[in-house]
Structures are given as C-alpha cells and as structure tokens.
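Take a look at this single chain, the form predicted alone, given in structure tokens.
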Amino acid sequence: MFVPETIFVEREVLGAPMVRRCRSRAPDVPVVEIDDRRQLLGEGDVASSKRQLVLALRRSAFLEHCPAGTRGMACCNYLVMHFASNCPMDCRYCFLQEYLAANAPLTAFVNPEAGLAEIGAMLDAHPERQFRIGTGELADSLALDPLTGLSRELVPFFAARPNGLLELKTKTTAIEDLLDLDPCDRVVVSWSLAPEAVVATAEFGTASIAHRLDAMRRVVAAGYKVGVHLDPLIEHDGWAEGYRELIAAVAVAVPRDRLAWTSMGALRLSPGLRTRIRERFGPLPLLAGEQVPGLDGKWRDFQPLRVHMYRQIRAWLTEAFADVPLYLCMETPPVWEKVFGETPPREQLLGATLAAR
C-alpha cells in the first residue's frame, strides 16, 4: 500500500467522504490544509511529487477522449476519466514525468460523484451505444485505492449501466476493495505486463509479475474479467523468450473465457520525454534502442522491428487465447495491415473490445 509522506487537503473539501476515508486509512500521515492545489505548482521535483498526496476538487471535465486518437493513428474510441493525477510508481519510460512535470503533486479528486454524473448523462443520452471507459490515463487506476476507496463507488455505478464498460488498469495488487463487489460483467480489471527483465530495470515501485498474476487469479475468482496490455513492448536481449514465457504464465493464471481483451503497443517517447529520462536516469540500456519519429511526433522503434515483435507476440497470444480480442495501441494503419492484414474501422475496433463484455 502506498503511504504518502504528507497529505495536503483543500480546506473546501475537508468534510468530503473521500478525505475522511484517506485520513482514517492513513491515520499517522500528517495533514496540511491548503487553499488551492494550484499553490503547489512547481514545488519539488518529479520524484518528490510522488511522495505527497493532494486531496482536491476537480474543477474541469472528468471525461475525455483517449489521446491515442491522434493524427495518423488507428483509434478504438476509448474514453478516459480523470479521477486522479500522477502516480506513486516511477516507470522509467512513463510519459507523466514530462507531461505533469510542472503540475501539483500526486492528486486524488474528491468529488467523483461529479464525474459519475457527467458519465451517467452521456450514457443516458445514448442508450443505443456501447462505451468503453477507463481511468488509467493520468494515474494508475488502483494505486490509490487502498486510501481513497474509489473503486467502491465506481464498480456499483457501472454494474448498473448496460451500455457502459469500465476498465481499471494497473501495475499494482491493490484489489482488496474490489473483491466483495459484484461487477455484473461491466467492469474489467486490466494489468500492464512485461517480462521480469523489464520490470526489474524500468518499472520501479510496481508489483512483481508473480504478484500481478496472483491478483488476476483473485479478481477472476471474485467475478471479474481481466485484460492484458503488453504495452510498451521493449526490445531487449531475450525479449522473445521473455514475452513467450509471460504469455504462458497468463494462460495458466486466467481462464480463456475470463480474458476480456489483450493489446500490444510499442515503446513511444516524445522528444521532451527522451530528454527528461536522460536528465533523471542517465543512459538506460533497456531504453537505448534506435528510434525514429512518427506522424504524431513520438519516437518509436523502426517499423520493421515493431512489426516483427507484434507478429511474433500475436502468434503466441492467438495460440493461448483464441478468439480473445487483440488490438494495437497508438499504431498507424500501415502497421495494422502488416500485423493483421487489414486496418479495422473505428466502430469495428470498439465493437471487438466490447464483445468481451
């Protein structure tokens, strides 16, 4: 369980239920009252920002379209909700270390009811459509759950919604608040996975693969489906054997009919992120492969290498999980065609992922 060094609370929300939960679940952590989280902007560095927790109101919209739908990329119409910002873990490749560099420390927004009202209005306005919605864009979906108990509000909300599917995406084992809730097949708990060589050298503060697999078993036993994201794929010595063994281990842990979907995505770094990684960590052999800029301005491995990795890993996934939806994240139509033989239209991508509901 993540325990912050200090909890900052906006005075306006001192009586909010989430504030009370956090204080009761971490009674020994000092609390500092502040007027506005924005007064903390620019204080400290990336590492120190991960050791504090701010409890604040979200004053802007909670729901956005996934940024994967950028120029030149095939998109699956994924929607993201922002119930938190930043992450207590410190993956070496994480885009948040650049994207949130000037932002306030790790923040949980204490008015989730406003976000759920926003989502509910959208679902009610389009009862004929299916929506796949995730919370893991600007924060790990479950890293703060032992403090905030947010899942205890999200799961019942989506369990009662026939046209909304919630994805909780994590690299943790923070699943305790999920286990006595009934998801009604409307909630998928997904894990980002990588070979242990990658976890040990690039995913600092995350749960081990063995512990993630055990958490998968436990949520499946509690009635949830799970998702698997091999993203980012990182080319390294022994990568093929590492990913083959990883997929085999998932096949042992998760029955095929309880796997909602799988995805693959290449390591992608913006120019600013490449600079930030070098500033913070110096040369990292695992992230030192030769890359080229793409249409969206992000650097990726050469297309032939990406296609080779995708094809090989796709073969293992298809062998282990026949008929389970598989898609690429933030990739171009030409790469889709080389890997799958076609570029599915947006509505087909969305339908494929929701077919697992």
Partner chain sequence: MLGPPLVSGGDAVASAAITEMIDARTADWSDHECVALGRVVDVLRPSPRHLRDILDWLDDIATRDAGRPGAVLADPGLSRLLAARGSAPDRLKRWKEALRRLRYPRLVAREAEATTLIRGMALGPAARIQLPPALEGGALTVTLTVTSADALAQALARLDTSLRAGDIARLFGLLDEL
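These numbers come from a predicted model, not from an experiment. Residue numbers count along the first chain shown, from 1.
What follows is about the form predicted in complex with its partner chain, which we do not show.
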{"property": "Complete contact of Pro127, Phe157 and Gly164 with its partner chain in the predicted complex (any heavy atom, 4.5 Å)", "result": "no"}
{"property": "Contact test in the predicted complex: Gln303 vs its partner chain, heavy atoms, 4.5 Å", "result": "yes"}
{"property": "4.5 Å heavy atom contact, Pro293 to its partner chain in the predicted complex", "result": "yes"}
{"property": "Non-hydrogen atom contact Leu284 with its partner chain in the predicted complex at 4.5 angstroms", "result": "yes"}
{"property": "Non-hydrogen atom contact Ala320 with its partner chain in the predicted complex at 4.5 angstroms", "result": "no"}
{"property": "Stretch in contact, per heavy atom within 4.5 angstroms of its partner chain in the predicted complex, of 37-45, 50-58, 303-311, 24-32", "result": "303-311"}
{"property": "Arg218, Arg280, Arg274, Arg256 - the one with a heavy atom within 4.5 Å of its partner chain in the predicted complex", "result": "Arg274"}
{"property": "Selected contact from Asp231, Asp177, Glu235, Glu98, since only one has a non-hydrogen atom within 4.5 angstroms of its partner chain in the predicted complex", "result": "Glu235"}
